[in-house]
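Okay, here we've got a single chain as structure tokens, the form predicted on its own, with questions on binding and movement later.
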Amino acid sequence: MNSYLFDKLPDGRDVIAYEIGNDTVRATILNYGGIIQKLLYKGIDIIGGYDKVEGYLVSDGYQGALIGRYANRIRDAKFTLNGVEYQLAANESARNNHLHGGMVGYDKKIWDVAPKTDCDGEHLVLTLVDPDGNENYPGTVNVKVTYSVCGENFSIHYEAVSDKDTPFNMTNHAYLNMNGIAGGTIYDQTLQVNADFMSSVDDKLIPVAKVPVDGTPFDFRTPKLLSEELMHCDDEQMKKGEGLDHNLYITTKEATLWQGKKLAKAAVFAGKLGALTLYTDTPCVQFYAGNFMDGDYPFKGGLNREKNGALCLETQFAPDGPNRGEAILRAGEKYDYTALFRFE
């Protein structure tokens, strides 16, 4: 385990990098945004990110960052809870949506970090107090996120308690490429998802119905090539997201036990480096294929950012949940969910 000064924010605050892992799996985590800056598998970096904090400040995409208080979109940037309407920032202004926690979400916070080592592996415990009224959400929330590397497993454990009822839905926005992040597009990689249903979306990418995946390009129940033809086919839902950018409902009896929890086998993402299997106890996963990942600011090592250059596997509750009475963390109850990425 190692830590060092990664960079400084414009206001002078230190951005510290922490390394955890072993010879097979090794992660570099920043205290800024809880960002996974590197994720090495057998010495190959598979995650998008930047060499300087400037990249995370000037480029959109939430590369490798923790997302909260509510991951994904909330329609018209508002919701009603316990008879009170809450107006949020419409930071996805083109669609008038609230996105990924607002103007200053968890991706832009400095987290407190405590390293920990035990017989299972190496861990980083990140904590944050999100005050009542921040981004106009109700309730003070005490948040804890634990990153762990144990053998060939990389996991993220999300925990939170609020003193008022509040929408709550955390994820991590890591961009993954199983050829290595310098390995080009994901068009030669395969994805398998244990999901019988998906969220169909409107022009604002807000779910309008829970529908079967049967007969659609979103049927990944057997491994499917993430080809350019698939990503840019004539399917109306694919057109709305300019490719794969949809919520799928995990429906499977396949599971594993991890740190005392039963996690469903959600997906398998495979490329030249092998297979990455995702397990989770959240009901959904958002699959986003980097449809807007191109840009002028280069990735680590001067690598050009490229459309469809990576895939996000965002464990979550469905988008716009607060407007359906979903994903509400009740006062005093515990939010407790895990994402496990197992390399094989």
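Basically, rigid core = biggest C-alpha set you can superpose within 1.5 Å across the two forms. Note that the structure is a prediction, hence the values are computed from the model and not measured. Start at 1 with the first residue shown and count on from there.
A second form of this protein, the form predicted in complex with ligand GAL, is not displayed here; the remarks below concern that form.
Here is the short version: of 198, 143, 99, 176, the single residue with a heavy atom within 4.5 Å of ligand GAL in the model of the complex is 99. A heavy atom within 4.5 Å of ligand GAL in the model of the complex is found for one listed residue only; from 76, 122, 135, 245, this is 245. Contact with ligand GAL in the model of the complex, defined as a heavy atom within 4.5 Å, is made by all three of 62, 205 and 286. You can rule out all but one of 168-176, 186-194, 108-116, 229-237: in the model of the complex, only 168-176 has residues with a heavy atom within 4.5 Å of ligand GAL. Using a 4.5 Å cutoff between non-hydrogen atoms, residue 45 does not count as a contact of ligand GAL in the model of the complex. Residues 292, 314 are the ones in 291-322 with at least one heavy atom within 4.5 Å of ligand GAL in the model of the complex, listed in sequence order. A movement of the C-alpha atom of residue 54 falling short of 2 angstroms is seen between this form and the one not shown when the two forms are aligned on their rigid core.
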